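Take a look at this one chain, the form predicted on its own, written out in structure tokens.
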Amino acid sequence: MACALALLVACSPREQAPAPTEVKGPRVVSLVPSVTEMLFAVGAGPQVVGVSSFDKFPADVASRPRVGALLDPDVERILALKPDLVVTYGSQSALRAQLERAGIAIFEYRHGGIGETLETLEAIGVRTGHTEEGRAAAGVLRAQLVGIRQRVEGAPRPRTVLVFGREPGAVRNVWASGGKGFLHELLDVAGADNVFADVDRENVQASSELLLARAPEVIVELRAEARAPEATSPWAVLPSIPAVRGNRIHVLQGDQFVVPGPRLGQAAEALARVLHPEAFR
């Protein structure tokens, strides 16, 4: 679910833009928003000639042609852009087979932990002719994360649930970070212990009974997109949860929380600021 959210950061497909004609270096089409961000971060943005229907960061992607997404890649349009390299997600085996038959190189990607993001920044730099820039971008992100960890080091680590999906107005269909993946690792960097750290997968569908049993001291909700404010907190129906009793419920908005790319440092700092505001005074 966390991966799906990362892939399907909600937004409307953009209108088609004309393809760039003159590009220095390999022409790249990216079907993965997190890797698109990495391409721009390593200086390969001018080489990006097509992006997925769901790309929206950085702002430059608005000028790139849209080529579908995870479930509906537009192969004809991808080929028309004459890419030298296409970034695909790990599950897009049919698309990869078509591209291989067309003789087009592929950069296959799957979401993982922070380590995979750092490795991908370097790897995509190598594949696009920006080796040093890729190393530099990975170094910047690594330094940001180290700095945040040092800033909250020694502070009490609250038992926290990191919620990335919930039915509006109710504590139903609650999806939270499990004990693996970039969200779990961001929480660790930000100085908190995940109440679902023992769950060996990226996501947990948390019932009210399970939330009561895990008794988080802090609830952090991540929202990729803005939505209408709730008149009253739906968490009030679970008053025995320490986070509800202590009014330690936070909502953070922005797709940097669900896209495991170069902005993970920003996401970690935002988490740390709500978990340990005293460390940022």
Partner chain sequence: MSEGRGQTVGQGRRLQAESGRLQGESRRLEDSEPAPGVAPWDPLDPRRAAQAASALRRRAWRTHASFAALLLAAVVVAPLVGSTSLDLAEVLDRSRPFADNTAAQIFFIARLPRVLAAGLVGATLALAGVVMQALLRNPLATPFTLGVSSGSALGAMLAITFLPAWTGNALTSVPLASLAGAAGAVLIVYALAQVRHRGFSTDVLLLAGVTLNAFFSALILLVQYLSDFTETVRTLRWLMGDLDVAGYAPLGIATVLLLPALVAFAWLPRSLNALALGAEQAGTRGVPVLGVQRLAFFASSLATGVAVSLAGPIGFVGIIVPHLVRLLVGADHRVVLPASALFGGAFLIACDAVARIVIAPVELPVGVVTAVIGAPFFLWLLIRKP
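Quick caveat: nothing in here was measured; it's all calculated off a predicted structure. Positions refer to the first chain, counted from 1.
The next section is about a form of this same protein that is not shown, the form predicted together with the partner chain.
Query raised in the report: Is the partner chain in the predicted complex near all of R27, A136 and A190, within 4.5 Å of a heavy atom of each?
Result: Contact check failed for every one of R27, A136 and A190.
**Report entry** One residue of L85, A123, V199, I114 in contact with the partner chain, assessed in the predicted complex (non-hydrogen atom, 4.5 angstroms)
**Finding:** Filtering the options by heavy-atom distance leaves V199.
Query raised in the report: Can you pick the one in N173, T131, S91, Q98 that has a heavy atom within 4.5 Å of the partner chain in the predicted complex?
Result: In short, N173.
**Report entry** Which of 138-146, 207-215, 101-109, 180-188 lines the interface with the partner chain in the predicted complex (heavy atom within 4.5 Å)
**Finding:** Looking at the partner contacts, the answer comes out as 207-215.
Query raised in the report: Heavy atom to heavy atom, is V49 within 4.5 Å of the partner chain in the predicted complex?
Result: It does not: once the partner chain is placed as it appears in the predicted complex, V49 has no heavy atom within 4.5 Å of it.
Query raised in the report: Hey, in the predicted complex, is G154 touching the partner chain, heavy atoms inside 4.5 Å?
Result: Because no heavy atom of G154 falls inside 4.5 Å of the partner chain in the predicted complex, the answer is no.
Query - Proximity of D72 to the partner chain in the predicted complex, heavy atoms at 4.5 Å - result: Taking the distances in the predicted complex, the answer for D72 is yes, it comes within 4.5 Å of the partner chain.
Report task. Mark A267 yes when one of its heavy atoms lies within 4.5 Å of a heavy atom of the partner chain in the predicted complex, and no otherwise. Result -> Because no heavy atom of A267 falls inside 4.5 Å of the partner chain in the predicted complex, the answer is no.
**Report entry** Residues from 239-254 in contact with the partner chain (non-hydrogen atom within 4.5 Å) in the predicted complex
**Finding:** P239, S240, R245, in sequence order.
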